[in-house]
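Let's start with one chain on its own, the form predicted on its own, as structure tokens.
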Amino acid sequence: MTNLQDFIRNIRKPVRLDTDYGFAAVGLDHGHINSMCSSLIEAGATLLYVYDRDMKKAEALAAKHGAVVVDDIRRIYGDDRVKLVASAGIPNERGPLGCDVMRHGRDYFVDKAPFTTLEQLHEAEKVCAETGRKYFVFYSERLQSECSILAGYLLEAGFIGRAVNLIGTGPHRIGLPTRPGWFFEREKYGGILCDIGSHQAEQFLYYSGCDDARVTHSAIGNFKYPEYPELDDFGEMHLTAANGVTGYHRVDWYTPDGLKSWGDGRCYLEGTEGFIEMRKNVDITVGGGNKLYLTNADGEFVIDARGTTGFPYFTALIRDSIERTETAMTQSHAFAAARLCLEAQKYAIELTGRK
């Protein structure tokens, strides 16, 4: 097998594309829209238009990237230079907007969670098939984490053998004063497993190498914030892939103020020949995040993943949109992750009786 350090040094990082690929931003309700737009621009795209109900938000994003603010989405649909619409709107509005975008002949790039109901997912699948357009999803906890990307490369190259089990944790700081009203309304945000649990579902499918999976157990609860009865502040799910890989995933809104990051996101990947632990956002008491710990027959390794991989998803997304390929993420994978977290949320509601 290739030496670990040699393997890492030889990873090819993404290169900015020379293209006139134009896109628009519609729906700026979640802050992820900023990194979505910046990452597309860094990959070679041009932000042409911004549209949102909040004019101040729209003007700020447009000014940052030299785009034009519009007060009618039809102006975006009327410009053939716009190949894709990016959105981080209110979660329950994301699916319907995506279908509208695809029916108008554009590809769609949406923040997680891409849907809040299974009905929205089924409609998007139908519209994708009818129009031939693409429904890209921004699962940022893997796609913008170099240690998570590097772990995938190391798994594929055989450094820990075949994947057997995944343990993922996605704690978040709640930041109550900054949260809009929809954050506390289940109909609008979908529930904790639908929302931040979607990251965990996507990672499980990616590292297991299988898009066919089922929920074997899930649960939700509100243990800390009774004043917000529709808020889930805790969620967990057990998943099993058709190839036998299993996973346990926990998400919550309990990150204490003393932590340097918004959450101590971790992922532990067990293989037949070794294991990997990803400390994504912070390595507590030690330093910053993007640390990868690997143990196999050759020894114990600590890798600072910063600068090792870059973020290849965004250049691949643009190429896929232009060339009609599926190299960034297959459509089936994006939809399978959405389905899994929606099913986990539904099962947990039925199990716990939370409405």
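A quick note: this is a predicted structure, and the numbers were derived from the prediction, not measured. Between two forms, the rigid core is defined as the largest C-alpha subset superposing within 1.5 Å. Quick note: we count residues from 1 along the sequence shown, nothing fancier.
Keep in mind that the form predicted in complex with a further copy of the same chain is missing from the display, and what follows is about it.
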| Do Pro177 and a further copy of the same chain share at least one heavy atom pair within 4.5 Å in the model of the complex? | no
| said: Can you tell me if Glu273 lies within 4.5 angstroms of a further copy of the same chain in the model of the complex, counting non-hydrogen atoms only? | reply: yes
| According to a 4.5 angstroms non-hydrogen atom cut-off, is Gly244 in contact with a further copy of the same chain in the model of the complex? | yes
| field | Any non-hydrogen atom of Asn165 within 4.5 angstroms of a further copy of the same chain in the model of the complex | value | yes
| query | If you check Gly132, Gly181, Gly78, Pro256 against a further copy of the same chain in the model of the complex, which one has a heavy atom within 4.5 Å? | reply | Pro256
| request: Name the residue from His104, Lys83, Lys188, His217 that puts a heavy atom within 4.5 Å of a further copy of the same chain in the model of the complex. | output: His217
| query | Each of Leu61, Arg74 and Ser145 near a further copy of the same chain in the model of the complex, meaning some heavy atom within 4.5 Å? | reply | no
| task | Given that the partner is absent here, state which listed stretch (119-127, 260-268, 150-158, 188-196) has heavy atoms within 4.5 Å of a further copy of the same chain in the model of the complex. | result | 260-268
| Since the partner is left out here, which residues of 166-203 would have a heavy atom within 4.5 Å of a further copy of the same chain in the model of the complex? | Ile167, Thr169, Pro171
| For Ile349, is the CA shift between this form and the one not shown at least 2 Å following rigid-core superposition? | yes
| message | Please check whether, in the model of the complex, the CA atoms of Glu350 and Gly170 lie closer or farther apart than here, given a change of 3 Å or more. | response | closer
| note | Relative to the shown structure, Cα Asn222 and Cα Glu350 in the model of the complex (3 Å or more change) are closer
